[in-house]
Structures are given as C-alpha cells and as structure tokens.
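Here's a solo chain for you in structure tokens, the form predicted alone.
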Amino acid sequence: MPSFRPPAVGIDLGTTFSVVAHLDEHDRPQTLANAEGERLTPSAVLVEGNETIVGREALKALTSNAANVALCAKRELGASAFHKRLDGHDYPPEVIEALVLNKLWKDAKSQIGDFNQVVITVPAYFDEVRRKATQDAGYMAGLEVLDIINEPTAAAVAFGVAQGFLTRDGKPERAINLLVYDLGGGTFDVTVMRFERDQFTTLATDGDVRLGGYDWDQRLVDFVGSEFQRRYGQDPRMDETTASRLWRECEEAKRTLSFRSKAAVAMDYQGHHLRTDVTREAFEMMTSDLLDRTRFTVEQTLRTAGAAWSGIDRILLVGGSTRMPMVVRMLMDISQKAPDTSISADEAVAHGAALRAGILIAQGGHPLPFSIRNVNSHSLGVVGTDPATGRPRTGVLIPRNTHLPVTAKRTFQTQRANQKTILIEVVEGESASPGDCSLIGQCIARNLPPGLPAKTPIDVHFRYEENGRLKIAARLADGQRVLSHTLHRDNMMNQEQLDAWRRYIAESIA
C-alpha cells in the first residue's frame, strides 16, 4: 500500500488579506481558493449575535454594520484586547486571527482533504511576543503550527523554486544575493538574503510592524474627509460606518492610481455629496514621507548586511502595496536596478510557507533539497543593574541579526545575602535603557539554596529558535542546580483560556 503523505500547507496570515498554499504531487506550490472561489481572503471578521463571518462578506458588512467588524487585528497582536468591542464583547487580537485561520483551514480541507499541520508566516520584524501570539492563534484555530517563518524569507524561497534553483538537481552556478522589499497591507519588511547551492541565509532584516498599504489608504481618507469638512462643516470620519465606507472608497482609489493617472472618491454624509478627484501626483506627494520611511530602512538594512547595490542580484517585490508605481520608481532610483516581478506579490509568501512545510514534513521520505537559515530581528536581553551607576541596564544576550538557532549565556549576581528568588525581566530592543525596550515577560527563578552570599553568580541561558521563539533557563554558575522558573508574559493567555477560545472558535464558524 502507498504510504500516507500529509499535505504540506503554508498560510500567509496577512493584515488585510490572507492566502493558503499547498504542495502538489510534484512538490510545486499551488494557491488554494477559498469557499467563495477567491485566491485572497480578506482578513476581516464580523461578529453579530451567534454568527461569526470571516472574509468577503465580513468586509462588505462595513457599509452597514462597521461597529462589529474587525480589521487589521494583526497590527494589534500583543495587546490584551482588540481596540473595539465586537457585538458587546472584548476579543483578544489573536482570537480574531484564529477565526481567520479557522476559515482558511476549513476551506482548504474541502479541496485537499483533512490536515491540521501548517506553517504560518509573520513579518520578519515581528517581535517574540507577536510570534507567540501568532502560534496561539494557530492553536485556537485547531491547527498544529509546525513553524513560524518570516514573510520575506518565504518569498525568497518561492522565488528560488520559480527560477528552478530548488529542484532536486537545480543549483545556482554562484551565490545569489536577494533584497526582498515586502510592503503589505499593514506591515513592512526588508531583508537581504544569500542563496548559495542549497541554503538560504538571511544576512540582515529590518522593518516596521505599523507601516503598510493601510497607511496610504488613511492619507486618502484624511484628504477626502478634510475636503468634505471644509465644504460642508461635517466630518464623515466621525461616524464609524461612514468612515468605513470612505476607507473602502479610498482603498479602491489607491488601486486605481496604480494603473491610471487620476481617480475619484465619492462621499455621501448627512445629506451632502462630494466627489473628490485625486491625481497620482497628488497622492504621491501626500504619502511621500511614508515611502521615505521604507527607503531609509532599505538603505540601513543594506549597510547592516555589509552589502552594496552592486552586489545585489535581484530585488524582489512582495505584498500588494508594491504595485504602487512610486515604490518601483524609488527602488530603481536608489539601486539603478529594475525590481524582479517574476513571482506573485500576493501569493509568493504562502508558496514559500508551503515549501517550508514540505521540508518539515519530508513528504514521501524525500525532503526538499534546501535549508533556510534566519536571523533575529531584535536584540534579546535581560534587565540588570549597572554596578557603576546602580541604574537598570539592558544586558544583551543575543544581538539583532544573529543567525538562528542560537544559545547564549550571561552571568548575573544576587543582590543580597540569603536571597530566595531572582526576577529575570526579559526585554527585546536595541537600547541600553530597559525602559526604551519591549518587555517580553518576567521569569522568576525560585527556591535558591539557603545561605547564598550576596553577589552569588547566576547564569541565565537563552535558546532562540529558528522560528523566533525563546526558551529560558537559569542555574547557579557552578552548574550543579537548575532553578525552577516560569516566564510570565503580559497580555498572554494561559492554557485554560486558550482551550476555552479553541472550543468557542470550533463552534463559531460552521
């Protein structure tokens, strides 16, 4: 009998749209359409009474029931609750993400059969807290998350397959350096990678988790809203349903401006009507600072990677927002190279995630012939006390852009004699001041042996995995005793809460 081959499935869980892909019988990535026949599923959730709707119909409800529609929950991962209540209830952002994942999973199962193992993508610049929240979303959706992979890395892998480099006998004749410019609906990443023989290696990555096409949309919303207010003394942005309708009109106008030199936005509010014409030139002027932010990040990442434009072979465009002509023009201006558009800006990330799943599942006992080596996007450390000043200071264990996986150790000292516990505050960021870094959580090492003198050495060990998840251990420096500890994260749910939401989600989407 032939052996069972579990599907290799990857999910691009996007801020505005999500995509699912799987590997076919020839290990080629293929996008799966949703139940509505669309390859892109809006990452929108409508909660109304006992009914939960995800996708296109939820997005359409913005025009009539915007108060109960959740958009862009990905931007709020790490917060305890989404910024607004849905049908009178608070939802953590990862629960909204889980509802999207559950819809994608069920639609995919109807085409390729039962499965629950997936690889999910995240922005390269996501911190550890957001990565943990994404894994939790997968669990609550009913999935087993095999791995979390960075979106630019996934796109680069998809490019390698599309170019024929990653077939079982296809090898590039020399090392290829790629710069991946990933501007999605809600986040921005830039990553410099090297592909050599059978390995993808990330050289440097940077980005902004609150910069994406949504911000370009919002500039149009504010422009039209201000024009309406100037003309009629009424601000359509003050009414949630009207503001949502205006946003959809402006998003459509933005797409039009990628192909035409002029677009119109129509707005009706309080008995007044306004048609506002917007030229591409005006749109580019009102958003030039947003584009400049991406340009600065690109140039900074190149320097961090120790690369020059002359050494970059391809510039890959990922994310639907890269279709704006201003993006291509800016990249050509600073690199003197035409960006590569050979892969789908919308689907490449999901394809790369499916290929990563293929590596992990090793279908048919024949693993795909390449490996991936990533870096961390933020420095990891703990809060210590500067002996010279007595002030809190960040003790970095793993600097940013370190190749993963990695282990690191740093030795600290107890503050007083006969100390019973140690509070280890884990932070992520580049500042020497802990207050300017992000607090991941607190790790409490308990049951220190009695009678320890002050300044007893304590080793703190970090293990940072390929998927950007962190494991922590603390032990006495003599190595003879491992201290019990638990990492407590702000705004993260415990197992009981996760299980309760998992049951709720299983019953919410028929």
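Residue numbers run from 1 along the displayed sequence. Note that this is a predicted model, so its numbers are computed, not measured.
Below: the form predicted together with a small molecule, not depicted.
Comment: 213-221 is the region of 105-113, 301-309, 136-144, 213-221 lying near the small molecule in the model of the complex, near meaning a non-hydrogen atom within 4.5 Å.
Interface residue among 356, 130, 378, 254, judged by heavy atoms within 4.5 Å of the small molecule in the model of the complex: 254.
Checking 324, 73, 263, 190 against the small molecule in the model of the complex, a heavy atom within 4.5 Å turns up for just one residue: 324. Taking the partner from the other structure, the small molecule in the model of the complex has no heavy atom within 4.5 Å of any heavy atom of residue 78.
Within 4.5 Å of some heavy atom of the small molecule in the model of the complex lies at least one heavy atom of residue 184.
When contacts are judged by a 4.5 Å heavy atom cut-off, residue 14 counts as touching the small molecule in the model of the complex. Taking non-hydrogen atoms only, residue 319 approaches the small molecule to within 4.5 angstroms in the model of the complex.
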